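The chain below stands alone, shown as structure tokens; this is the form predicted alone.
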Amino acid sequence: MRSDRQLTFYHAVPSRSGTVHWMLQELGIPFDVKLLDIRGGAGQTPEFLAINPLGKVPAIVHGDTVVSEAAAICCYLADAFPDAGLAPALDDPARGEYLRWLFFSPSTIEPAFVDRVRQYEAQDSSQNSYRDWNTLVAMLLDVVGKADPWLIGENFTTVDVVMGATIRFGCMFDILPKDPVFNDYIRRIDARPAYQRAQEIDAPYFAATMAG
């Protein structure tokens, strides 16, 4: 996979694309940003709908490759730029655990958050990807509590970007319970220079969006 192709990042603040922005800062690679006013309808233009028919960010165009969905983009970027060391190699036994937790956020944690916020509880929990809320929270506390210091070991990986951003979101908006396990992990995230850079760059756009 060629890593020297032009990379364009479609971004909106605040949105899930903040996760990808953090990932790009962790990689330390050059990229172009197209900041979209999603609320103002920028996601519904023919040009952007050709990139993502859902009209949602994030999305990237890397050469001739188009990728949408935050976790998929982060997975793609980690493999496209392996020198950053944010993903186990394809033949590394840790790759399975890495992929499991990388896609756990969009497929399991986020649906649970939505149901929790909407105060929806399915009568048949077997149909939920997350089983039930208490089971999910106990599982997250166990996984994060075993972080040493990161979710799959000593090395920070893309899992910490994707799942870490989701856990941070859940704590910020009081969806997840207050617990020192989550707080300690979030403090480690907040201390990362790449995370701080992404937040600093996005801060003016966040303020403008909130004011508007």
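What you are looking at is a predicted structure, and each value in this text was computed from that prediction instead of being measured. Counting begins at 1, following the sequence as shown.
If you look for the form predicted in complex with a small molecule, you will not find it shown, but the lines that follow are about it.
Proximity to the small molecule in the model of the complex holds for none of Thr157, Gly164 and Ile189, with the criterion being a heavy atom within 4.5 Å. In the model of the complex, none of the heavy atoms of Val67 sits within 4.5 Å of a heavy atom of the small molecule. Heavy atoms of Gly55 reach within 4.5 Å of the small molecule in the model of the complex, making it an interface residue. The shortest heavy atom separation between Ser15 and the small molecule in the model of the complex is within 4.5 Å. Contact annotation for Ile38: at least one heavy atom lies within 4.5 Å of the small molecule in the model of the complex. Look at 120-128, 81-89, 96-104, 68-76: in the model of the complex, residues with non-hydrogen atoms within 4.5 angstroms of the small molecule sit in 68-76.
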